[in-house]
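Just one chain follows, in the form predicted on its own, and it is written as structure tokens.
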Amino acid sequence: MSVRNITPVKEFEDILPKEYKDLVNKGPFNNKKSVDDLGTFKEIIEEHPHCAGCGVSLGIRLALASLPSPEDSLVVGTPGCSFFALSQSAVNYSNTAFGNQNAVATGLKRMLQIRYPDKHKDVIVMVGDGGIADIGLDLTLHSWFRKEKITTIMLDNEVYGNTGGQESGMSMKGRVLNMAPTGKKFDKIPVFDMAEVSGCVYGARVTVANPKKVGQVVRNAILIAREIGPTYVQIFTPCPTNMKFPPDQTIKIAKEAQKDQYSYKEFMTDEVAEYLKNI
């Protein structure tokens, strides 16, 4: 396994699109960046294939801008809307089979601890609600039961966005969607509460309407996972395509959710509270 960052060879540099050159020359590696610096560096390509107003792509941008050490981070994803931006980002990224991302992240984290015993290598799962709450719930929970030192970030758009608009376990009860014409019949799965009782030492629930808060909790979650145990961040990333609202209303919809099912919420163990006092 190479210890260097991979960059294009000189022979092919001239034929790369400018956006990909910028990922190398203006990416977040070895730079101290945060959500306050968005627009001054390149975290993903601007022509990513997400829909206009996509909450997931915004959530990804905020999360990537909050990594404590981008050059020492490995983001693990799974098929879904999040794949489109993450596969074209300026971070190390690994895609998995649908739902087994926390199992793969576990193996990668253990391998990196052996390969780099004296250096922190952050492994961050970053996938949608379907990958975590539905198809991957068992593997997610077991990574928490085992106290794996990884951070899990759910990009919760409350729908299966890239396959036509089926209801997700995270959809709100009663929500009418393209493939749920009579409305969802059961409550939103309480994954946030499950994280607290399943071994996560820290968790936070936020929306893309509060970028600084997203940046703060993502950064904290990753730093805590390095030292103490598994952490969880749940970000509301509303989907204009399947929820049928104008793409310029994404932040407004997220703000409205903050008054109801997505009010800010946080939990932590006493050990984490003490740790956060000292960083």
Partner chain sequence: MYVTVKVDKDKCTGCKLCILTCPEANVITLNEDKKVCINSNRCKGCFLCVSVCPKKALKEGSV
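So that the term is clear: the rigid core is the largest set of C-alpha atoms that superpose within 1.5 Å between two forms. Keep in mind the model is a prediction, meaning the values are calculated, not measured. Positions refer to the first chain, counted from 1.
The next section is about a form of this same protein that is not shown, the form predicted together with its partner chain.
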Of Leu62, Cys239, Ile235, Ile224, the only residue with a heavy atom within 4.5 Å of its partner chain in the predicted complex is Leu62
Residue within 4.5 Å of its partner chain in the predicted complex by heavy atom, from Met243, Ala254, Leu67, Val35, is Val35
Q) Given that the partner is absent here, does Glu19 sit within 4.5 Å of its partner chain in the predicted complex, heavy atoms only? A) yes
Find out whether any non-hydrogen atom of Thr231 is located within 4.5 angstroms of its partner chain in the predicted complex, and reply yes or no. no
Flag Gly215 as yes or no: does it have a non-hydrogen atom within 4.5 angstroms of any non-hydrogen atom of its partner chain in the predicted complex? no
Against its partner chain in the predicted complex, would His50 count as a contact residue? Criterion: heavy atoms within 4.5 Å. yes
Contact check, 245 to 263 vs its partner chain in the predicted complex, heavy atom within 4.5 Å, ordered by sequence, gives Pro247, Asp248, Gln249, Thr250, Ile251
Q) Once you line up the core, how about Lys42: does its CA shift reach 2 Å between this form and the one not shown? A) yes
message = Tell me whether Lys18 is among the residues that move between this form and the one not shown (Cα shift of 2 angstroms or more, core superposed).
response = yes
Relative to the shown structure, Cα Pro68 and Cα Ile44 in the predicted complex (3 Å or more change) are closer
Working note: in the predicted complex the C-alpha atoms of Pro247 and Tyr20, off by 3 Å or more, come farther
